[in-house]
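Quick heads-up: it's one chain on its own, the form predicted on its own, in structure tokens.
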């Protein structure tokens, strides 16, 4: 097993903090004024596809630079070479030369990381043993299963024995025995004082690792802390309903009438969409029924009635109940 960091200055610093971080991908806002602080131990990063998880992990590991705001890993900018040494990153996607063996890949990564060549053989033997790849270390990457490639990425992430591990979907493609072993490995790293941020859709494994979660939605942190807090927060988060009717001259009357409902928090008329009314509520099912009754009583035709954003209750159900 590998040792923890011995640098007291690092151990005393906050493992990760982000302040008002935003990141654009062309016209798409991947992260939106995000602030976050991470403490030692294991934290799960959860959210639906497109919520900003991979963007955040790429920023923390120094693969991307924020368009605004700042990120520090143990007090150091992860974009600098000093910061990059503090983070071990396992991305969701594979970027391998298929003609290399697992051992070749790790040896070259060790060389690029500046590890002394005389230290490499013993270091690789230790790491390959830790991730369970000793017996297949000469297998070419093009012949490796997805689970073997996942373990190779984790081996790469721990090459420099970093105090912070950032693992994007590390359980993907790993069989049940491999998942059990990976859970045990991460718990051992936690016991050594490492900080681990892990995203996964394998919630059974996540619940074995930690109760601490950071929930992202539309590039923002909507909850950080115990799972129970995330449930309570998201189940009470407002959603927006889009109501489209056939007769646009009735839209303002409809807006005024809908506002009288006790579960309606607000309404707006989207610019350039004369037939559409947006309704904000925490109880979409009740407002749906109210709108349908209004259409019957006032004799107007509903063209469209839907929640335009992913409902928080459905997000939580998919994430915590599988």
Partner chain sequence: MEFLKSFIQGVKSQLEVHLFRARVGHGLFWVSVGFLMLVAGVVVSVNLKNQWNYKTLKPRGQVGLNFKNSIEMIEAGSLVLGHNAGVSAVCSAVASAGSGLLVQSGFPVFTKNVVFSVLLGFLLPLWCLTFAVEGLGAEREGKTLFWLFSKPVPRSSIYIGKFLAILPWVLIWSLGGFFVLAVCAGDCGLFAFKLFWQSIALASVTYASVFFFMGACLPRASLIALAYAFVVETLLGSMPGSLKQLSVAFYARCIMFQKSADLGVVLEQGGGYGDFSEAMAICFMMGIASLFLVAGIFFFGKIELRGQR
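Positions refer to the first chain, counted from 1. Note that this is a predicted model, so its numbers are computed, not measured.
Here the subject shifts to the form predicted in complex with the partner chain, a form of this protein not shown in this document.
Q: Would you point out which of 153 to 161, 179 to 187, 215 to 223, 202 to 210 contains residues with a non-hydrogen atom within 4.5 Å of the partner chain in the model of the complex?
A: Of the stretches listed, the one contacting the partner is 153 to 161.
Q: Could you tell me which one of 172, 142, 108, 252 places a heavy atom within 4.5 Å of the partner chain in the model of the complex?
A: Going through each option in turn, the one that passes is 108.
Q: Since exactly one of 146, 242, 113, 191 fits, which has a heavy atom within 4.5 Å of the partner chain in the model of the complex?
A: Result of the distance check: 113.
Q: Does any part of residue 58 reach within 4.5 Å of the partner chain in the model of the complex? Heavy atoms only, please.
A: Result yes; residue 58 sits at the interface with the partner chain in the model of the complex.
Q: Taking the partner chain as it sits in the model of the complex, is residue 19 in contact with it (heavy atom to heavy atom, 4.5 Å or less)?
A: Output for residue 19 is no: heavy atoms all beyond 4.5 Å of the partner chain.
Q: Given that the partner is absent here, does residue 132 sit within 4.5 Å of the partner chain in the model of the complex, heavy atoms only?
A: Taking the distances in the model of the complex, the answer for residue 132 is no, it never comes within 4.5 Å of the partner chain.
Q: Counting only non-hydrogen atoms and a 4.5 angstroms cut-off, does residue 54 reach the partner chain in the model of the complex?
A: So residue 54 counts as contacting the partner chain.
Q: Out of 77 to 97, which residues reach within 4.5 Å of the partner chain in the model of the complex, heavy atoms considered?
A: Heavy-atom contacts to the partner chain in the model of the complex: 79, 81, 84, 85, 89, 91, 93, 95, 96, 97.
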